[in-house]
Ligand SMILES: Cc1cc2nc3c(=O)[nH]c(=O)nc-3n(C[C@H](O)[C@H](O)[C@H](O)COP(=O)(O)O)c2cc1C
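Coming up is one lone chain in structure tokens, specifically the form predicted alone.
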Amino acid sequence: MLKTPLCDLLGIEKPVFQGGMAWIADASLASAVSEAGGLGIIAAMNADANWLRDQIHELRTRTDKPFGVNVMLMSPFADEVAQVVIDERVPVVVTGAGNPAKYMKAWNDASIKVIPVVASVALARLVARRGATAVVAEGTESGGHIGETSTMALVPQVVDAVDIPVVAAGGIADGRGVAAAFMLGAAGVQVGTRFLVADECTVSEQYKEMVLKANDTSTRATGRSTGHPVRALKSPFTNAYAKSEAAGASSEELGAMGTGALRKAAMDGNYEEGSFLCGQIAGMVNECQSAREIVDDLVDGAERVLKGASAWVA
């Protein structure tokens, strides 16, 4: 069975994190992934404390396995959400879209394992000094908010820079990707795009259909001029956004244009106005499966690849 030190550290059976995708990663999906032996993660996104608390309670009616909450640091409710995870004794906090340093002492004092998502070696080093349990090194291939460095280049540099476990993310959708991440020095993987089509994922059917039909060139990154680039499936919205950005629209104008676009995609299935966040690996996601089938396939596939690796060594 595939097992790494990360499993013992977090009390999970399999070194697979489910990405904390806003408007997507709710109690239904997160509990199913945790029940399958991975680390299910609820996305706090821009929601307030009451919404998150309800989701945590709902998850705990479905599983007693370890889980995490993704705290989106750009959220206007970040301060109150940071307190909720303490009050609710959440085992793991994963952070995204910024530097979590202001919250880390309180979380560490509450015995919460803090795992920031990083897109650079510099941020990885900073959070490691502040007491991070591990880091997620996320390459630009991933969906949603992205950095500039690819997973293949970022992961080994982060592994060399810190003395805590590194979780690889971005462009991983099968056992080959998991095995490759381990060869780069990672102790686990975070997967988002493949879980978009999990049976327990409550995202709109339009969203799922677009992921299933995607190929290797179906995504595009926009928003680099704002300092917060995002990767999504090509759609009328991304086309219009890219056109406005190329025409020199201000960050304020682009921000207004994007407000609510993810909700329109995830909840409403609005093809014209929705932003369907998705990673470049979408072309490999070809069928709907249960969360357990996805987790098992990732782990079993990696075991097969790693066991066969000796064929390449004379």
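Numbering starts at 1 and runs along the sequence shown. What you are looking at is a predicted structure, and each value in this text was computed from that prediction instead of being measured.
Keep in mind that the form predicted together with this ligand is not shown, yet the notes after this line are about it.
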| property | result |
| --- | --- |
| Exercise: V178 in contact with this ligand in the predicted bound form, heavy atom 4.5 Å | no |
| Contact test in the predicted bound form: I281 vs this ligand, heavy atoms, 4.5 Å | yes |
| In the predicted bound form, G188 touching this ligand (heavy atom, 4.5 Å) | no |
| F237: touches this ligand in the predicted bound form, heavy atom cutoff 4.5 angstroms | no |
| Listed residue (L233, V93, V135, L196) with a non-hydrogen atom within 4.5 angstroms of this ligand in the predicted bound form | L196 |
| Proximity to this ligand in the predicted bound form (heavy atom, within 4.5 Å), stretch among 213-221, 127-135, 238-246, 166-174 | 166-174 |
| Within 1-39, the residues that have a heavy atom no more than 4.5 Å from this ligand in the predicted bound form | G19, G20, M21, A22, I24 |
